[in-house]
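What follows is a single chain, given as structure tokens, in the form predicted on its own.
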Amino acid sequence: MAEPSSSAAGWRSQSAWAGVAVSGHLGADGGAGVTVCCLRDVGMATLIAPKRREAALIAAVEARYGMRLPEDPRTVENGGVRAVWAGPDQWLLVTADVSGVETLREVIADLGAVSDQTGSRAVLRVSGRAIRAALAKGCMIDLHDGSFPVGAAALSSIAHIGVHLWRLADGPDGAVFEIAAPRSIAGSFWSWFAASAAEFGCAVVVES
């Protein structure tokens, strides 16, 4: 019997949504009240500042990326890098592609702890006139403007699944949110989201 190759040369990275979501339309006919884009190849890393090094870490990130790490539950972005508050002296750094994580390691050096989360999260970008109504079926927080304005971020749960979510700038159909869920239960999260959004008609785009 041939031994399996130990080389990864023939392996290809796979989206967290492969075999879970399919581009198309879900639920009610007519115009979509919800639009969802299943993202792939998003670079993500957790960043933790050790005690007494917080100021140096914040300064290093600001010098390299031109943005100050948020110290309250919100998100900031500049130059294709987004910093999302994830607790006291902790952040989730989101980049357009996975190469951004290695650049972050170089910038941080020994100023903080960087942990690559690229392969551990499944990310949705959701919007539409009915998106709040769809999310309200399982979301534990109020996502309306007065409570969750543009730039807000939260660690919460949706349908009893722990998520990290943040609000982007509004689009043509109003509020836009990104939701990061554990990749290991992406199927369960999608099952809930698809059922919740179907009532309003849902346009699905799965990045290939």
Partner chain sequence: MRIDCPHCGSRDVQEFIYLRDAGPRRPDGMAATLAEMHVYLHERDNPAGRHRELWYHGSGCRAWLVVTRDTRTHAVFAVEALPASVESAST
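Just so we're clear, the structure is a prediction, and the values are computed from it rather than from any experiment. Positions refer to the first chain, counted from 1.
From this point on, the text means the form predicted together with its partner chain, which you will not see here.
Though its partner chain is absent from this view, in the predicted complex it lies within 4.5 Å of a heavy atom of just one residue from V150, A59, M67, I141, which is I141. Per the 4.5 Å heavy atom criterion, its partner chain in the predicted complex is contacted by stretch 155 to 163, the sole one of 155 to 163, 59 to 67, 171 to 179, 32 to 40. Not one of G79, T95 and G100 is positioned with any heavy atom within 4.5 Å of its partner chain in the predicted complex. Along 75 to 110, a non-hydrogen atom within 4.5 Å of its partner chain in the predicted complex is carried by W85, G87, P88, Q90, in order along the sequence.
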